[in-house]
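Here you get one chain, nothing else, as structure tokens; it is the form predicted alone.
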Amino acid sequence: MANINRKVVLIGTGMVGMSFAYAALNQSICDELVLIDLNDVRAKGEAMDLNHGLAFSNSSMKIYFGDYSDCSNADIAVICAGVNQKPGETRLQLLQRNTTVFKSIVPRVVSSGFEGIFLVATNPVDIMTRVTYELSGFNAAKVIGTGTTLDTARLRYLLGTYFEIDPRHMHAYVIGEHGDSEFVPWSQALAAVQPIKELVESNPDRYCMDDLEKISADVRTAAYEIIKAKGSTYYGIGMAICRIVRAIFNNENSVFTCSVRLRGEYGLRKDVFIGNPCIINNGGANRILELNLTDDELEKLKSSYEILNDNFHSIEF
């Protein structure tokens, strides 16, 4: 990927897309940011609003409203377009409606001559990432979903509070579907260099696994709580998108629990996109890291896998 002019096209200027755009501006994440939306008037207004803040930032980013022809020389196409999740509605219930939206987006991006990386945030993100892969015909490494990246950040925040350790030193992951079947493989979780289960067992007066399971449940239901309170979630996922984009542009080889296409890991068939630790660089999802899961954890992953696979095959293309 050329690093001369880092160009991102954002498709969908709703709250998630604009939370990403605002974070991108403040972090000088790219040189050029193009906003595309079905609502042209809104996208133009959002571009104007962001540009009026340039004088207060350290960025010289070029921000403008555009169309799909602007994807031709873009490095990354961030897709946040889609219908919102309603209170009480699961991410999977969004599936058919958002597939229809993507059928009007992805082919137009590809036909522009785009050869970059797709980064999908629209829910249900694992399946929408697979839909993008199928519609685009791209190499799977260049089609990435935000997956359980935000869930993992939520987990580390809560674990950091519980153990009184900087969340950045809590090395634990949420894997599987970004949704109701996601889970924490505690066998792989570390507080700095010490296994979390070992830390709990050696301090029974302070910690217990029941507390950790409650934390896991709180992570899994966090989106529902936020949607109930304020209608939708956007700040956290916007920052997660920004972090992944930075890793791509800087060729970081950073590890995120993105939604990526399995290639036979865990003895599962190739096809399904699911949240799992993977190495992200300027080529996209460079390598999947297969975890050494316990039998119980592997069963949970397989269950999540089957849910995602079954729901994908329920789509009417």
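Note that residue numbering follows the sequence shown and begins at 1. Since the structure is predicted, the reported quantities are computational estimates derived from the model, not experimental observations.
This next part talks about the form predicted together with nicotinamide-adenine-dinucleotide, which is not shown.
The listed set V83, A222, A140, L190 contains one residue whose heavy atoms approach nicotinamide-adenine-dinucleotide in the predicted bound form to within 4.5 Å, identified as V83. A heavy atom within 4.5 Å of nicotinamide-adenine-dinucleotide in the predicted bound form is found for one listed residue only; from V78, A74, L150, I244, this is L150.
Mapping the unseen interface onto this chain, D37 counts among the residues with a heavy atom inside 4.5 Å of nicotinamide-adenine-dinucleotide in the predicted bound form.
Proximity of T161 to nicotinamide-adenine-dinucleotide in the predicted bound form falls outside the 4.5 Å heavy atom cutoff.
Using a 4.5 Å cutoff between non-hydrogen atoms, S104 counts as a contact of nicotinamide-adenine-dinucleotide in the predicted bound form. Contact annotation: F249 falls outside 4.5 Å of nicotinamide-adenine-dinucleotide in the predicted bound form, judged by heavy atom distances. For nicotinamide-adenine-dinucleotide in the predicted bound form, the listed stretch (130-138, 109-117, 225-233, 204-212) containing residues with heavy atoms inside 4.5 Å is 225-233.
Across the proposed site, R42, Y68 and N123 without exception bring a heavy atom within 4.5 Å of nicotinamide-adenine-dinucleotide in the predicted bound form. Taking nicotinamide-adenine-dinucleotide as it sits in the predicted bound form, the stretch 167-182 comes within 4.5 angstroms of it through a non-hydrogen atom at just one residue, H178.
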